[in-house]
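Before any questions on binding or motion, here is one chain by itself as structure tokens, the form predicted alone.
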């Protein structure tokens, strides 16, 4: 199982913004250069992040993007959901099932494993913030 490149790049870019939070906007070109992400691809990701309300842009010279909230209030899961939609290890565990259970759940011997894996992944992504990754949260340790 792999995270998509969208999620990976979006999280890396958002950590760049988190590390510079409060210092003004950062251009896509600068983030792309620091992280080795193609600019055009990053533009697409920032459109999704802006639509999700996680970043806002400043136009003009010295413009760029900034976080809309403090880094410790934006989880990695927020970023992943913004660019990739609901987090799911498989279809039967998708977050957007609206309470509908998989019709094969009672017959599927593997479902308890998928469910446990889903809960673990979502828990980790929900509890890890951009502040944690950027080292900007008080008392945070990104290695935890």
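Keep in mind that this is a model prediction, so the values were computed, not measured. Numbering follows the first chain given and starts at 1.
As for the form predicted in complex with the DNA, it is not shown, yet the points below apply to it.
Novice: Kindly indicate whether 18, 22 and 71 are, all three, within 4.5 angstroms of the DNA in the predicted bound form, using heavy atoms.
Specialist: Not a single residue of the candidate spot has a heavy atom within 4.5 Å of the DNA in the predicted bound form.
Novice: Answer for residue 51 alone: is it within 4.5 Å of the DNA in the predicted bound form, judged on heavy atom distances?
Specialist: Flag for residue 51 set to yes.
Novice: Check whether residue 94 has any heavy atom within 4.5 Å of a heavy atom of the DNA in the predicted bound form, and answer yes or no.
Specialist: No, residue 94 sits far enough from the DNA in the predicted bound form that none of its heavy atoms falls within 4.5 Å.
Novice: Is residue 28 one of the residues lying within 4.5 Å of the DNA in the predicted bound form, judged by heavy atom distances?
Specialist: Residue 28 belongs to the contact set for the DNA.
Novice: I'd like to know if residue 58 sits close to the DNA in the predicted bound form, meaning any non-hydrogen atom pair within 4.5 angstroms.
Specialist: Because a heavy atom of residue 58 falls inside 4.5 Å of the DNA in the predicted bound form, the answer is yes.
Novice: Using a 4.5 Å heavy atom cut-off, which stretch among 113 to 121, 32 to 40, 72 to 80, 86 to 94 contacts the DNA in the predicted bound form?
Specialist: In short, 32 to 40.
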